[in-house]
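Given next, in structure tokens, is a single chain: the form predicted on its own.
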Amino acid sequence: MAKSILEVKGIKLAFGGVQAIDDCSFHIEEGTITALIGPNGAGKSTMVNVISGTYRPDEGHVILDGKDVTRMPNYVRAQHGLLRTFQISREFANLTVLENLLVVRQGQVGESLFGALFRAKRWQEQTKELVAEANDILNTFGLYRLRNEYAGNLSGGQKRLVELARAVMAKPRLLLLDEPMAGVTPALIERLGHHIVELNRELGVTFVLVEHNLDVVEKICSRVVVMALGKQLADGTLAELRSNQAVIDAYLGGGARERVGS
């Protein structure tokens, strides 16, 4: 059995008396691409916010690589390799595309006053190294020609690519993608799916995708976790879940099967 990089155990979270997550537990195996799916209101994005540290659960635990990070802020989780993207891209609009990548690398010499004043040579050397690395990533994502463009001027699809490239620059071990295919063209969906698979294969990045596009899920995800009413309802491959009556009922209220892949 593969090692679990992430475990959520007995998570509960309510907002004003409404139970958004209700005793939900599941695990994510290291080196996999896993989809988190379910009908609207199932608690998927709320769960991503709990895992990433945006929300703190009322009960339960988030275990990252064997370490309980439930009470750690999101920036500390990022230092441990847990990063995320958002449903609506959150680029640094007034920075260039290149600068968007450069700012996320932690531990830069120039971040401290001492380093800036007394380690100027190393600062300059490190900056050159980071610029070269960022340019390589931008080239991989087809964004190199836009490196000096302000990120706020890009199209929605280009912003999606910048957000993913920026996450790669931060060297994630586990990357949470909240509806990465929403609102983008079919051609860009194909590109994003290709990049996710390549990052998983080449760099070993583990992915969890909240995704409604089940064609994408079936194509790139080896495992699917289904949520409904704040709970884990089922897990397995999408092919297995097509015949799971509980999953069909949760999505469709007992109606036709096409939304779960048939």
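Numbering starts at 1 and follows the sequence shown. Remember, it's a predicted structure, so these values are computed and weren't measured experimentally.
A second form of this protein, the form predicted together with a small molecule, is not displayed here; the remarks below concern that form.
Novice: Test of understanding: in the model of the complex, would Gly193 fall inside 4.5 Å of the small molecule by heavy atoms?
Specialist: No, Gly193 stays farther than 4.5 Å from the small molecule in the model of the complex.
Novice: Since only the chain is shown here, I'm wondering whether Thr70 would be in contact with the small molecule in the model of the complex (any heavy atom pair within 4.5 Å).
Specialist: Residue-level check for Thr70: no, no contact with the small molecule.
Novice: Using a 4.5 Å heavy atom cut-off, state whether Gly43 contacts the small molecule in the model of the complex.
Specialist: Close contact exists here: in the model of the complex, Gly43 approaches the small molecule to within 4.5 Å, heavy atoms only.
Novice: I'd like to know if Gly60 sits close to the small molecule in the model of the complex, meaning any non-hydrogen atom pair within 4.5 angstroms.
Specialist: The answer is no: Gly60 has no heavy atom within 4.5 Å of the small molecule.
Novice: Can you pick the one in Ala20, Cys24, Ala250, Leu238 that has a heavy atom within 4.5 Å of the small molecule in the model of the complex?
Specialist: After the contact test, the surviving option is Ala20.
Novice: Determine which one of 200-208, 214-222, 34-42, 61-69 lies within 4.5 Å of the small molecule in the model of the complex, judging by heavy atom distances; exactly one does.
Specialist: After filtering at 4.5 Å, what remains is 34-42.
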